[in-house]
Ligand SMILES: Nc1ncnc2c1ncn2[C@@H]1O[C@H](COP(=O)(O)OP(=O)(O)OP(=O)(O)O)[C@@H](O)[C@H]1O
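First comes one chain, alone, set out as structure tokens in the form predicted alone.
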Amino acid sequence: MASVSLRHIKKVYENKVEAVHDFCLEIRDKEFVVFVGPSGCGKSTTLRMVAGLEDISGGELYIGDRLVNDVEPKDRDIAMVFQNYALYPHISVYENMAFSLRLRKMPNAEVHRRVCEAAEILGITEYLGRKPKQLSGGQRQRVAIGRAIVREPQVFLMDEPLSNLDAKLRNQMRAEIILLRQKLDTTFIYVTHDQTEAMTLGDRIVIMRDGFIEQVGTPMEVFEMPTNIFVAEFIGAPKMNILKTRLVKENGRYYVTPFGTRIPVDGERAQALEKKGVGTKDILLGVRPEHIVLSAPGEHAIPCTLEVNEMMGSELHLHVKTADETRLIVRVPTINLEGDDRTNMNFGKPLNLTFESKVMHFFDPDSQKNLLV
């Protein structure tokens, strides 16, 4: 197994378009790292440079202690799983999985052992004699993963391997990849545009935008302390609410004043603001939908009107509008609702909302950076 070191990696195409800018990352041996971001952010390009499928325009790439910038893909000791499975349709599942081993002139007994072990791990032993067209999408993806496993590489690369599957199968395969990682205990680099996959799979997440790294951290770190508004809105579903408001420091106390209310900021958030030397100023206030609660009218409550109610089973997603036309999303567990609130969440219903200071995020309106990072 091996670590992967990307040192000031960049990718510039012939038309002078720079797809990846000064990418620096140290991936530890046996770590599961996820590259995540919107389409066109450079995540797949970066993965393909690690695989050797794209030339590196600048910087150094190490797998273990070996510089591999100019090493052929077949000699990098990596295995890659693609989005579209890339199986040979005319040969069996067994031969698809054995193909790369036969190219290496590996003895038949060893080929058989590796294929059967991988098939057992993935639960596809009964399909070894079938052709890919006889399999479902999830079964084909298992075959593609099995083809990578048999090579016993130092590093596994996965490029959006679940994006072609339906929602139910995607959830199932996500759990299976977690179990697979525990069994193989090797280094994984995984690319996805799905923040749920990133949060559930990764030891660390690399959030990218326009070829740049926006933040690197554990799932909890990027969720609880996003470095900027882009990360704050990208991680979490539904996305974080962002409100224009004013942070007031008065007599040693902090308050935020959205929509004419006056909500105190205390505890760790207030201490952090004090430590950073933040005073009274206009800010962008971030609050996640699940951290907003329904409340009674009062000094700390934000009055609003319900526009859309999305029933999700265990929770409601309430789309509300404030007096100044600001729209917010609120996640309310149905178990917390009683009486009329369970059945009478209809268009035009007046509501009052509030939230605690421990769930607030403070961003600079100009740089959009988190004031506490």
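All residue numbers refer to positions in the sequence shown, first residue = 1. Since the model is a prediction, treat every value here as computed from it, not as a measurement.
Absent from the display: the form predicted in complex with this ligand. The rest refers to it.
- Though the partner is left out of this view, residue 38 does reach within 4.5 Å of this ligand in the model of the complex, counting heavy atoms only.
- Taking the partner from the other structure, this ligand in the model of the complex has no heavy atom within 4.5 Å of any heavy atom of residue 9.
- In the model of the complex, no heavy atom of residue 52 sits within 4.5 Å of this ligand.
- Within this chain, residue 160 lines the site of this ligand in the model of the complex, having a heavy atom no more than 4.5 Å away.
- Of the candidate stretches 44-52, 61-69, 309-317, 23-31, only 44-52 contains residues with a heavy atom within 4.5 Å of this ligand in the model of the complex.
- Of the residues in 6-22, those that come within 4.5 Å of this ligand in the model of the complex through at least one heavy atom are, in sequence order, 13, 15, 17, 19.
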